[in-house]
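We begin with a single chain expressed as structure tokens, specifically the form predicted on its own.
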């Protein structure tokens, strides 16, 4: 079995997965949303302290599986350096105590493998990664063959929801509260569609966010109308750029992963796009959309089977990582 640890941001999570069957045998996580909601966003130092409390408790619950553990998989990049460090140090301690090798897992690739929990991987496919920290279009052709089609120039999709929610005084995290409020709103606020005239496949949310700020300051609109208009335009921007990439690369499979993939309006709009272009649309189960150790375990199995282990002294946290730009003309 693989023991996996995830601590890249504000969720402490531990999972146990059987290597051969890929069956998830144990999975628990402790969220910090309540603690960070007081500040309208994640406070790194607070998150680090909470991980230091939560991870040992979760690992202790999984100790009955220790005799069958073959390796320790842990998120080491990207994320908040102080929270990543908590998970890496816990993994190193387990590695020494159990005398088992370490596997370093890229958190973003972990999100791709949230699609394949208790399943075999599907490749090649185009992946839209939308979360609080990232907005990327990727080409996936295996765990060691991931390249970037396009990414955000500024704010991420999820981050823009958090910031708009904060401006509206709705609390944290912003995604669920904006989605809920938008259900009773009307699309009455005119907002710009970013990069409409650019030929690049890129994303940008700073312009929409600023337009929302001006709409709030004007005092002319209801909160629910601002939420509905913002959500509509934010998703329209994803659709606009994804459609451009789909026309260029013509994928057979298209996946949406990351915390923001839980947005039901987003899923519905991309289902329409899948019918228009004839690709198969994939997304994770709701319980695996946000950060979790199950996806890290699933990615860890692929790395284990390829013998991709990391030396104890060389395992370090990397707050930022970049993918190579895609060169293929067709997926």
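In this text the structure is predicted, and so the values were computed from the model without any measurement. Positions refer to the first chain, counted from 1.
Omitted from view is the form predicted in complex with a small molecule, to which the following refers.
- The partner is not drawn, yet in the model of the complex one stretch among 218-226, 117-125, 243-251, 256-264 has residues with heavy atoms inside 4.5 Å of the small molecule: 256-264.
- Residue 173 is the only one of 194, 185, 150, 173 with a heavy atom lying within 4.5 Å of the small molecule in the model of the complex.
- Of the listed positions (139, 204, 131, 85), a single one reaches within 4.5 angstroms of the small molecule by any non-hydrogen atom in the model of the complex, namely 131.
- Contact annotation for residue 155: none of its heavy atoms lies within 4.5 Å of the small molecule in the model of the complex.
- Contact annotation for residue 289: at least one heavy atom lies within 4.5 Å of the small molecule in the model of the complex.
- Proximity of residue 113 to the small molecule in the model of the complex: non-hydrogen atoms within 4.5 Å are absent; the residue sits far from the partner.
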